[in-house]
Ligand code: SAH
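Coming up is one lone chain in structure tokens, specifically the form predicted alone.
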């Protein structure tokens, strides 16, 4: 990997602003997963702690940061589109551009050469160096790896929510699925000590947070690097912390989902009866090509175990269509899996080759139009399933954590239930950042509608 490369040139414009007493401002936009969102909260916290001001428009910033995702080609395309916009802004005013995250790690110094409008590049292991570099360097690339967990200062996190907090517990992945770029841009698995996780969550509970979401690219493989305790024991300890109402964890790998984890979920009421369990395909031949480490039958056994312990558990998944070699028979096996499991939600994608992965060296032999048609068919079938699932929820009263106003209908409030479904509901009183009871009155395929139930 590239070493940190820096030019020893002070950023005179920034120093001048600081001397004049003006607060420098930054804009940050995040692509990708919850881990990227958490990283952006840490970056923002570090800058704010040193007097920077966060703004919502890049046109009003001195520093524009793009936190990038390399998992799918579409995310990279979106990043490049935003970078083009920032380039135009930079032509008109003084603006520094920083690229962070997975694309930064993947491309490194090469990206700086190809796009001279970029000033700084930071890989996921280099966020703590942002302040040092942007205050003293005109151009810099920082993409060196750390093989141990590097703790961010816990007091310097600018959380987007006042009631639900992301808590990273591990990073990286050792699975090397043949389509997945994560091991190459996030590195191998490294685990955060349990004592640090518990300290942070206790602090969050004391601050009034009601929900924590534990993060890791393959979280079911977590073990405490100091004591060796597995995820199931960590979950049990977190569940004893006063003040918390909900605990979630993401993303689980089916092959590492143990019965012990499922039993803790079933016995500890604070742990949500909700699980994201990516299957990727319903075909054994495709699962083998993907190097997923389980068969269709083994995946379904895990689902049966979960539902035996928690009949009301809500399950979501990821699915890729058009993987190299996928036949119509393979795709039909995936459609049958949807009907058998009846997920509450799915995240579905057309396969796109990613650099460095094993599958990128294979012939991408499924035509684009076939991928497109399969994705539409898959999504239409899942839409039907979700409508049927959601119809059964009308009349139920459920706990909802309100996170704000509905974007499409601002007169309604928006929140999520224990199953992590979106609930838009009417309330005569202010309920943002509160846990409330909502009666479900109607539904669509992707959200539920309801009304506040008076306590």
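On a predicted model such as this, the values are computed, not experimentally measured, just so you know. Residue numbers count along the first chain shown, from 1.
Omitted from view is the form predicted together with S-adenosyl-L-homocysteine, to which the following refers.
Residue contact check for residue 318: one or more of its heavy atoms lie within 4.5 Å of S-adenosyl-L-homocysteine in the predicted complex. Contact annotation: residue 354 falls within 4.5 Å of S-adenosyl-L-homocysteine in the predicted complex, judged by heavy atom distances. In the predicted complex, none of the heavy atoms of residue 274 sits within 4.5 Å of a heavy atom of S-adenosyl-L-homocysteine. Contact check for residue 249: every heavy atom lies farther than 4.5 Å from S-adenosyl-L-homocysteine in the predicted complex. Distance criterion of 4.5 Å from any heavy atom to S-adenosyl-L-homocysteine in the predicted complex singles out 280 from the list 280, 344, 143, 283.
The partner is absent here; in the predicted complex, the one residue of 209, 166, 179, 331 having a heavy atom within 4.5 Å of S-adenosyl-L-homocysteine is 179.
Proximity to S-adenosyl-L-homocysteine in the predicted complex, taken as heavy atoms within 4.5 Å, picks out 318-326 from the listed stretches 191-199, 380-388, 331-339, 318-326. Along 215-242, one residue reaches a heavy atom to within 4.5 Å of S-adenosyl-L-homocysteine in the predicted complex: 217.
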